[in-house]
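In structure tokens, the next block holds one chain alone, the form predicted alone.
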Amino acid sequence: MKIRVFASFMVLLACCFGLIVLADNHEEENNMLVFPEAYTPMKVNGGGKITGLVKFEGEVPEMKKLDINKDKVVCGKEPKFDESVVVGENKELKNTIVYLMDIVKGKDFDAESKKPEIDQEGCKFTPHVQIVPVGARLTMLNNAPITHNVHILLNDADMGQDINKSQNRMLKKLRIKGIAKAGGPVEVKCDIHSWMKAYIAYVPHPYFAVTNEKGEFTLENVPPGTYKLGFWHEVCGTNNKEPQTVTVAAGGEVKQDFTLKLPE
């Protein structure tokens, strides 16, 4: 009897654990970008444009000052702040990815976007959110007289193992291998300077934009058609469950704004 009761308890425990894991996976899924199953580059005739503004709703959280506890002579020249929520004077929200979820054919990446970089000047990742085409090699810049450690946390087994490389002061440019599968955004950190944090989105098509300090975004040369327009923000989340539908006319421009707020 005791064995039977113990076995039943273990089954119940396993089921509860399974539910927790499923819930965590579902939550993680909702925080990721959505990609088409396949994308075909082509010449776009009569392409249109999608523009807009992303703003923040509610009381703006105070930007937390970061504790610079390593290489203070180089890293501590200027105060640094947590960039997870960067809001402008008129509540413009920076570092939001806006993109087309379901586009399956359109323009190819231009030459500049195929050479993405992240700078580490002042012991800070710039930009805080970077778009990297699938297969493109990312260049990490280090012009400081100190060593950094580039640690990219790939959260999908199909994307490969985490990337973890040292970049000493003599290595001004560190080329990171391309990733063959779309995914993310994934976190980037420096294991030496714990306050350094950024995000990379590995994307299969070029219809992705990151809002600037004015909260602005632009998607250009979009083939005429109707699409799902998505957003992702590090703290404010995504609209994966209820994407915005937009229709782009040949040679036309669609304006679509978003207002984001902190999760309740």
Partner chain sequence: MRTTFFVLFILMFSLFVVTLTSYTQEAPEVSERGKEVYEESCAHCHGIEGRGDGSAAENLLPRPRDFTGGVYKIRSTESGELPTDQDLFDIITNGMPGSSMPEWESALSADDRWELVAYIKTFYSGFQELKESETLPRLINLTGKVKYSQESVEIGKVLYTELGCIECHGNVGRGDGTSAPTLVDSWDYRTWPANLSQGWNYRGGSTTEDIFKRFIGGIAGSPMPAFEGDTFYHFGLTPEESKRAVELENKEEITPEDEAEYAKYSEKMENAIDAALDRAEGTELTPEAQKIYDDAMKVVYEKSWHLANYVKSLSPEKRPEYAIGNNVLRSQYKEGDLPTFDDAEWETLESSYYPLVGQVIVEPRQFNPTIDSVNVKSFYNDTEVAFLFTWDDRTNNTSVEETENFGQSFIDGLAIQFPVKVPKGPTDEKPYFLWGGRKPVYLWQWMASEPETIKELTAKGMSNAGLQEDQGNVQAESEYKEGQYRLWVKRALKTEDKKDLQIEPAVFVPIAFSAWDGANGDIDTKRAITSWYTFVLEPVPSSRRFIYPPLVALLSLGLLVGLRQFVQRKNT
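Numbering follows the first chain given and starts at 1. Remember, predicted model here, so these are calculated numbers, not experimental data.
The same protein also exists as the form predicted in complex with its partner chain; that form is not shown, yet it is the one meant from here on.
J.: Within 4.5 Å of its partner chain in the predicted complex, do we find a heavy atom from each of K72, E78 and G237?
T.: So, no: the whole triplet misses its partner chain.
J.: Among 126 to 134, 167 to 175, 87 to 95, 111 to 119, which stretch has residues whose heavy atoms lie within 4.5 Å of its partner chain in the predicted complex?
T.: Stretch 167 to 175 is the one.
J.: State yes or no: in the predicted complex, is some non-hydrogen atom of K64 no more than 4.5 angstroms from a non-hydrogen atom of its partner chain?
T.: Yes, K64 lies within 4.5 Å of its partner chain in the predicted complex.
J.: Evaluate H151 for contact with its partner chain in the predicted complex, applying a 4.5 angstroms cut-off between non-hydrogen atoms, and reply yes or no.
T.: Yes - in the predicted complex, heavy atoms of H151 and its partner chain come within 4.5 Å of each other.
J.: Evaluate L141 for contact with its partner chain in the predicted complex, applying a 4.5 angstroms cut-off between non-hydrogen atoms, and reply yes or no.
T.: No, L141 is distant from the partner.
J.: Answer for K107 alone: is it within 4.5 Å of its partner chain in the predicted complex, judged on heavy atom distances?
T.: Because no heavy atom of K107 falls inside 4.5 Å of its partner chain in the predicted complex, the answer is no.
J.: Need the contact residues for 187 to 203: heavy atom within 4.5 Å of its partner chain in the predicted complex, sequence order, or none if there are none.
T.: K189, D191, I192, S194, in sequence order.
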